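Next up, structure tokens for two forms of one chain, structure 1 and then structure 2.
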Structure 1
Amino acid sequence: MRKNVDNKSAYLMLIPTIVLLITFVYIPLSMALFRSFFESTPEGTQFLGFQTFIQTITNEYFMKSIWTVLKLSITITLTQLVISFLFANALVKVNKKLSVISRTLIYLPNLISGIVVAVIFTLLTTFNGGIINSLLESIGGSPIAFNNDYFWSPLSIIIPTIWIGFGYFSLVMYAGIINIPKTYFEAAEVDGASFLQKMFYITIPMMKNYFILLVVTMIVVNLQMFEIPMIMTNGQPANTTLTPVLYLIHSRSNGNISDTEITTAAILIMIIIIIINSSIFYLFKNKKGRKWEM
């Protein structure tokens, strides 16, 4: 059989994709890389080397925001993994009808934007007269500054973010659990395995790929988060909840930072994402630990 028989029609089908990717991804990416290494002035182009990168890495506000978003992302992703996994296990066991209804309903928050979610949660967390503080006062407690407190501010970002992703995580985990062949559990039951043993020796190892998929996609999303922090805390208190993208947006509107610096900072965010995600693949995907392989 001849190879490459479909050349003409395949290229016709791919023209829109290729043109759009080059125009709106590859050209901007090349421009971004170029701008972070070269400086264009009316007199000509000058090679700057790593000068802009060094400037960005030594920018304490930006670096602090990177640590902030890493802490937030890790907390969010781990919590989401654990609670969704437990919930998905419950969904497999409960009454069929309840399971179907629950799986449908929990997906809804996933469709709502971060801005809308934050506006809804503000109703609960407002300092003067928010629902939580009103209820606290009714039982004699003192109000909490959810948007300006070292302990509560991170939480008022973490909880709405988990709220958005919980349903999607649970659905993916549910799909993972029901795709495990039933015979594995039956065999384990014959050998007298307990509930926890089945979970740690069958369910979790069999779902490794689902965990990796969820973590890798969420790292990309969470490291760029800014909508919920922008509305809930706006970086307060003392910039401890300022995420990198929010920092860049703020600095750009204040005129504190040049477009070149923003681009360089954003390239650093990309590098961090690539490093984290490749480490995850390297650590978990190729590991041939006997105990974890079925």
Structure 2
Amino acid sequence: MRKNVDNKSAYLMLIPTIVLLITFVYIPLSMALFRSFFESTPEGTQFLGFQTFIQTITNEYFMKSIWTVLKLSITITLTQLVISFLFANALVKVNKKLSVISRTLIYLPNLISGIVVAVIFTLLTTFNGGIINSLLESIGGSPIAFNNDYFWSPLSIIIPTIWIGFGYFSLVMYAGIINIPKTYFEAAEVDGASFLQKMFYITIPMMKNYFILLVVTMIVVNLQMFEIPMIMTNGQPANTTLTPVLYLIHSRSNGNISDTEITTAAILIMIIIIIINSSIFYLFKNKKGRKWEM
């Protein structure tokens, strides 16, 4: 009897979530899928089939933007994971008061919107009058076109993106590390394990789920980035920093593509995100975090 009551309570608590998902996720997604296969004309609704998908996939600029954002995402994800993990390990070692202050300070950038972050870094990197170039000129150096150079432009996107998420990812890493039972490390120390052995055989395996969470989060966010690229480089030089969302914004404002093509492109971006994240879950689903072994 008690079990039936608990089941009913659980189902009742799930109803608001299910209603919200259906209303704001599944219904709009269904409408977007329908719109990608059909086009409204003055004569009525015309069935296009996969024509729009083929047209979008064969679009040189869109596919180039996909490749660009994949390269940026891989670089940002790997760099963010490494530096956040190392910083989290450092936070664990410092005293409690300094740790609290450090955690507060590093999290502050996460409270700033991407547009504000881009404006801040633009003030640093602008060719004429930027703080960095002004310093370079003051010591006799030449200004650098950070936001319009084949080498520097990607870095102009990567660095602010890492900076804005560094605090959040470091705190998640920190939470994962302090939740590892201390007995594992004590046993490893008794057996004479070094710092690196404890890291590779205890810390990293035990934090597998945290790594998966962060990688999935970063992929979802980075594949949809547009504020920082839009303000920092605007896709330049020669569209080498053009991301898919930024491409769609430019194309829509210029009237180069229809609403059906925009919807189709958005669905393709979603499919890419699903494929990548599904692959990550598949690769790690059978791997269990394990303790340190001799």
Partner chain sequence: MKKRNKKLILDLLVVLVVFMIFLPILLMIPSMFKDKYEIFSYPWHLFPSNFTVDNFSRLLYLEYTSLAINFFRSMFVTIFVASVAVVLALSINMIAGFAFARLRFFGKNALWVMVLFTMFIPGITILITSVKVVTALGMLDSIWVLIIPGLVSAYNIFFFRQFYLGFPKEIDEAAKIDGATNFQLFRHIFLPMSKTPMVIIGASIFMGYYNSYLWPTLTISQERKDLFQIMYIIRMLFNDSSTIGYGSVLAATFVSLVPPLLIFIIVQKYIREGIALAGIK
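For clarity, a rigid core is taken as the largest C-alpha set superposing within 1.5 Å between two forms. By convention here, residues take numbers in order along the sequence of structure 1, the first being 1. Everything quoted here is computed from the prediction, not taken from an experiment.
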Compare the two displayed forms of this chain and pick out the form predicted alone. 2
On a core-based superposition, does I18 travel 2 Å or more at its Cα between the two structures? yes
